[in-house]
Structure formats: structure tokens, C-alpha cells
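The chain below stands alone and is given as C-alpha cells, in the form predicted on its own.
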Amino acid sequence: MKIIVAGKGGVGKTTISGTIARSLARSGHSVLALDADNNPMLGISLGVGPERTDELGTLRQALESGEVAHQPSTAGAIETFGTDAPDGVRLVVLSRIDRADPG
């Protein structure tokens, strides 16, 4: 099963995503939560905390700068760029913005 939560800013996407992910994991489902927001906060909603969430975003930047090796498999990417969250959820942070001039 794949669930995507999308919408305009400030409507509660992160809160709903975290609640759904933890609920499904508590029910015995294998859950991989992907945070693709420009300001990744799903880790905080899942209980990972701000420091670890920020570290995951930094790992992604290290990949782009060549400091961390590219992972050729999905499993490798999930292992390298993810962390275990409470209730059995695996979190992967996919993006973040450090500069206001991405173009």
C-alpha cells in the first residue's frame, strides 16, 4: 500500500502523515515514511527529534556534494539516508533547502 499526503502549506500534512505512519506500524504493517518537503519536519512528528531529522537532511546534502557515496539500490539508500523512528517506522528524508536561490 502506498499513501501520499499532499496539499498547500500549513494544513497539517506532516501531522497527518506522522499519525498515519505510526498507526499503521503499530498495527503490524511495515512502514517507510519519506519526507520530501523542502522543510523536512516529519522526523519530529514521528518522534525522531530535530537533531536526527537535521542530520538526515545533511546526509542528503553530502550525497550531492560527493562526500557520501551514492547508493545503487533502494535498500542501500534507505539504510544510508534513513533512521528508525518509534513504533517501527523507518524514516527517510529526501530534500531540504539551505539557500533561498535554488534556481
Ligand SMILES: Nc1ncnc2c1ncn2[C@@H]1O[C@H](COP(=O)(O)OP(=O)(O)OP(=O)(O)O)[C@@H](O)[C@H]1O
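Only a predicted model underlies this, so the values are computations on that prediction, with no experimental measurement involved. The first residue of the sequence shown is number 1, and the count goes up from there.
The following text describes the form predicted in complex with the ligand, which does not appear among the structures shown.
- Although the partner is absent here, Lys13 is a contact residue: one of its heavy atoms lies within 4.5 angstroms of the ligand in the model of the complex.
- Of the heavy atoms in Gly9, some are within 4.5 Å of the ligand in the model of the complex.
- Although the partner is absent here, Asp37 lies within 4.5 Å of the ligand in the model of the complex, judged by heavy atoms.
- Applying a 4.5 Å heavy atom cutoff to the ligand in the model of the complex picks out no residue from 69-90.
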